[in-house]
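Starting off, we have a lone chain in the form predicted on its own, written out as structure tokens.
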């Protein structure tokens, strides 16, 4: 026993010597440091990145692939899952609606067409972004692009691309005839007739007259120009049976009856109009800016002969180009609102909008319309900035799709000669009031 105690004391003293050695203390400190780092970083390594999902029009998906790659590289805690949808805008809207009606959407973000906001917000499907975006940030965007994202004084959509109807005109024909650009709809008719007589151009004015959303977008421009309105979203008053609206319909019908527009215009959409104008068949055209690079392509008969300007009005009216475009919203059902907001901020940022602007997509940020590099590539952006100063919104109401369908049907009835303008617009106004009355009753029932 005595021997054992001596050995124990000897070994203990040896260990104390070793612990006092500098190399051993350094080794122990390093070991403790490694264990500490491991315990701190273990949750990071074990946590999977949050996945943010959205549905996108099929033609748009190649545009987003490099943007998503860049975002994920800079934000390793988030993965973006882009689901390729159909080619048509209305089909994408239907898919979102069907998923949300089930109560549990597989998506976190939504790329909203300008006319979807009210419907999705009224259904409670969108997150209110009013407290997330600062007034300074919003002021950097085109004003009406921001207003298009509001519903009942709350903000649900941040724009990233915009659009507006444009009046295209043949500069060469006006110069040949010694005429100035028209300023009113009356001027447009008179100048068109003169150009048809003096230059031999087949048609004076082309527009979209087919029964679809495009005719509603076209009509709100003419309606505003005559001093009328479709639906006041604040009061739900309907102006379709007012004299200004009937005058607007009569003007459009008159373009066909006077031979300024072809009879087939009542079946035309954007592309039928663009092809006829691009072939040199008309002096004026109402269309969207997407047509500009096509009109100036090498195979175009009107290359470098076309100008653009804001829409027209009559005295007392308000010239206004119908606002189009897209913006991002966050679905209220998302379990990851903070991560979704970071993705939204990236997609609407100046960097991303600048990249897209250099690909021909009109941005919503004012500063990019003065960017020298962008203007060198797309000089017409400077003219589009003037167009965006005078834009008109389609009514921001939850039942917009139904209201638009009513308007489309009765405009088509007038253009095809099945109804007189007064009768058609009175019936359209009556059906619209009935629709909005049901909407008001439903809102009151919900409290």
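Numbering follows the first chain given and starts at 1. Think of the rigid core as the biggest set of C-alphas that the two forms share within 1.5 Å after superposition. Values in this document were obtained by computation on a predicted structure and should not be read as measured data.
Although not depicted, the form predicted in complex with a small molecule is the subject of the following passage.
Undergrad: Just to confirm, with a 4.5 Å cut-off on non-hydrogen atoms, which of 72, 128, 270, 371 contacts the small molecule in the model of the complex?
TA: Of 72, 128, 270, 371, the residue with a heavy atom within 4.5 Å of the small molecule in the model of the complex is 270.
Undergrad: Just give me the single entry in 325, 319, 228, 204 that has a non-hydrogen atom within 4.5 angstroms of the small molecule in the model of the complex.
TA: Looking at the other structure, the residue within range turns out to be 325.
Undergrad: Is residue 288 a contact residue for the small molecule in the model of the complex, using a 4.5 Å heavy atom cut-off?
TA: Residue 288 belongs to the contact set for the small molecule.
Undergrad: In the model of the complex, does residue 262 come within 4.5 Å of the small molecule, counting heavy atoms only?
TA: Residue-level check for residue 262: no, no contact with the small molecule.
Undergrad: Taking the small molecule as it sits in the model of the complex, is residue 113 near enough to touch it, meaning that at least one heavy atom pair lies within 4.5 angstroms?
TA: Yes, residue 113 lies within 4.5 Å of the small molecule in the model of the complex.
Undergrad: Residue 119: heavy atom within 4.5 Å of the small molecule in the model of the complex?
TA: It does not: once the small molecule is placed as it appears in the model of the complex, residue 119 has no heavy atom within 4.5 Å of it.
Undergrad: Out of 182-190, 133-141, 155-163, 101-109, where are the residues with a heavy atom within 4.5 Å of the small molecule in the model of the complex?
TA: Selected range: 155-163.
Undergrad: Tell me, please, whether between the shown form and the other one the C-alpha of residue 111 is shifted by 2 Å or more, with the rigid core used for superposition.
TA: Superposed on the core, residue 111 moves its C-alpha 2 Å or more between the shown form and the other one.
Undergrad: Does residue 361 move appreciably between the shown form and the other one, meaning a CA displacement of 2 Å or more on the superposed rigid core?
TA: Yes, shifts by 2 Å or more.
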